[in-house]
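As a starting point, one isolated chain is supplied in structure tokens, in the form predicted on its own.
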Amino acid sequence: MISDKMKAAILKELKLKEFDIQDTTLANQVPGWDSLNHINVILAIEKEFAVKFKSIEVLKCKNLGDLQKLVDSKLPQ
């Protein structure tokens, strides 16, 4: 499940007031999330959660649920 913290980071970076983000949501389904903003969104998530991703890790993410799992895997348990 996508955390509220991740939703907030994505919406803030894309300057959206509201958008229903689910585990199955694809980046290209989110208004404003295009190839130019992709890096900005990823950097905003890294900053918000104080994590760092390798490029290959991000490329393996098929949807936002996968991205949330990647973030969770980087956080201390």
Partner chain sequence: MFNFDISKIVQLLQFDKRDPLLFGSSLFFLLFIGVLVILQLLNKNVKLKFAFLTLFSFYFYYKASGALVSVLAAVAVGTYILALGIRKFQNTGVRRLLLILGLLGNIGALGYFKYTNFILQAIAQAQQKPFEALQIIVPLGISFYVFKAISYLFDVYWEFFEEDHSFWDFLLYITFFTNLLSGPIDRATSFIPQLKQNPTDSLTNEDIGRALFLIMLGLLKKYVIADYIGLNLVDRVFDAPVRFTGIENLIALYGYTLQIFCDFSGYTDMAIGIALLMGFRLMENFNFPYKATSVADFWRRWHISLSSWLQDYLFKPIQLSVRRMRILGNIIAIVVTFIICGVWHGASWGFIIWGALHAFYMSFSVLIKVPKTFIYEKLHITKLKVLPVIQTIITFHLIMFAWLFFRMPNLDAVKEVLNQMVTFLKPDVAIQFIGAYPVIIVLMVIGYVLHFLPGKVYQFIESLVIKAPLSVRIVMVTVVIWIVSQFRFADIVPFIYFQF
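Numbering follows the first chain given and starts at 1. Owing to the predicted nature of the structure, the values given are computational and were not obtained by experimental measurement.
This protein has a second form, the form predicted in complex with the partner chain, left out of what is shown; the following refers to that one.
Engineer: Examine residue 48 and determine whether its closest non-hydrogen atom to the partner chain in the predicted bound form is within 4.5 angstroms.
Structural biologist: Result no; residue 48 lies far from the partner chain in the predicted bound form.
Engineer: Is residue 55 part of the interface with the partner chain in the predicted bound form - any heavy atom within 4.5 Å?
Structural biologist: Yes.
Engineer: Looking at the partner-bound form in the predicted bound form, is residue 29 within 4.5 Å of the partner chain by any heavy atom?
Structural biologist: Although the partner chain is absent here, residue 29 would stay clear of it in the predicted bound form, with no heavy atoms inside 4.5 Å.
Engineer: Given that the partner chain is not shown alongside this chain, does residue 12 nevertheless sit within 4.5 Å of it in the predicted bound form, heavy atom to heavy atom?
Structural biologist: Result no; residue 12 lies far from the partner chain in the predicted bound form.
Engineer: When you measure heavy atoms, are 35, 40 and 60 every one within 4.5 angstroms of the partner chain in the predicted bound form?
Structural biologist: Yes: 35, 40 and 60 each sit within 4.5 Å of the partner chain in the predicted bound form.
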